[in-house]
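Take a look at this single chain in structure tokens; it is the form predicted on its own.
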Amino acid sequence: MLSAEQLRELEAAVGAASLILDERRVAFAADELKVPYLPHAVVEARSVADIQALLRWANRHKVPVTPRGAGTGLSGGALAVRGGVVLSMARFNRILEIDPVNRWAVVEPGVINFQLQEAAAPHGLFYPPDPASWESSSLGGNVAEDAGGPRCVKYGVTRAYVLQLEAVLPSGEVITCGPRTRKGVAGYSLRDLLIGSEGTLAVITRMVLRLQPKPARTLTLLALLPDSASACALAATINREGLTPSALEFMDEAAVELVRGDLPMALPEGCRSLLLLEADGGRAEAEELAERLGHLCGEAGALDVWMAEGGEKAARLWEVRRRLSHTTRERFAQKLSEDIAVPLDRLQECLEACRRLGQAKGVHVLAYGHLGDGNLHVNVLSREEGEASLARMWQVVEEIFRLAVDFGGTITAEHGVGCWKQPYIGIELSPQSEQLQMNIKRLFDPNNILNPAKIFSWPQIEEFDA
């Protein structure tokens, strides 16, 4: 626990208005995992000086500090698992500049993803990274986790859109990483090191993000397929043919059965898998791509292909897909949601193996995700409460991670490691790689105050002792 003297010193450093010590701390205890870790205190920073003062105080007293954005994460990256102080960045919520000449936006980390989308649109621009939580997740959290989303099959993940970062080191020093130009090779790329570091190396306070010209036209296609094998084969064919849709979203048999009643139209009896495709670009370009995609869907055995250009039907289709994670949580007693990725030619093999693992342990396995880049959201689900069922679910998750790595993939494509996947990091990283990365953490944060106990297999809280 923090002593009264430590709290008085913290209040003097950041101001009483920024410090939360009462029951309001509960709002900062959990993320989308719904597993709470109540912090001893919360600091709602109002300035870079507040963050500097907090981190200097934390270094003096060896108190953990956990940076937090909007709390939409799925790996426990923003959870105060060692107690201490949660640093809320919600008040850093300004869009400082939209520059249509240089095609960049200067934003603070508390800006919500969709707010930037709305601000860029009048300039004929858009920000491509679009995680499923885009209406509620903060851009700082997106950068800290290197978030993906449906559009990254064409446009790439968050990393591709970060030009420059301003950040506060655990020591309280402020650094600027990267130029505002698209090219720049002076020294090591500290910017790229901070992207995806999950708040363990520094606290991001300002970002310069690349924007793209907004496509003139976007067409949405829904392919009604007989099974997931057809969907996986179709994704491989689209890639082999050199076509690049702006989205290629997948629902397997179990996912389709779960949401069948939520769709804005009735599916034919033989439809057991769905592929949601998007074609964007110039008006003629988008139409030509949509026609070619539709033709390939037919050749792959699609029962039908529906097409929409904007409008309520397309929005409803996307809403059903984006809400799948919430739908599974609502309809099952227990849920573990993982985000593996494998090479495209191993997708169906991986899906079948995951299902066999679930059947062997008596739990449900359901998959959906970004098929165009091999990113599967594999949900391990149970209708039973209790520790026995949860233990079986975790056994399945561990084996799914091993499958993904054996197939040449990863245990996390976009959610991050946090504390949720931390026990399994050794499945993917060699001891040498993990040790090297832990040494980088030590260099940035010698007192291990910033988001400790995340990502790597730290043996204990005193892991930095000589």
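Just so you know, these numbers come straight off a predicted model, no measurement behind them. Counting begins at 1, following the sequence as shown.
Keep in mind that the form predicted together with ligand MLT is missing from the display, and what follows is about it.
- Only one of 235, 251, 74, 222 lies close to ligand MLT in the predicted complex, with a heavy atom inside 4.5 Å, and it is 74.
- Contact annotation: of the candidates 337, 239, 348, 389, the single residue with a non-hydrogen atom within 4.5 angstroms of ligand MLT in the predicted complex is 337.
- The closest non-hydrogen atom of residue 31 lies beyond 4.5 Å of ligand MLT in the predicted complex.
- Ligand MLT is not shown here, and in the predicted complex it never comes within 4.5 Å of any heavy atom of residue 68.
- Although the partner is absent here, residue 368 sits close enough that one of its heavy atoms falls within 4.5 Å of ligand MLT in the predicted complex.
- Although the partner is absent here, residue 132 is a contact residue: one of its heavy atoms lies within 4.5 angstroms of ligand MLT in the predicted complex.
- Listed stretches are 413 to 421, 38 to 46, 52 to 60, 428 to 436; the contact stretch with ligand MLT in the predicted complex is 413 to 421, by a heavy atom cutoff of 4.5 Å.
- Not one of 159, 164 and 210 comes within 4.5 Å of ligand MLT in the predicted complex, counting any heavy atom.
- Along 304 to 326, residues 321, 325 each place a heavy atom within 4.5 Å of ligand MLT in the predicted complex.
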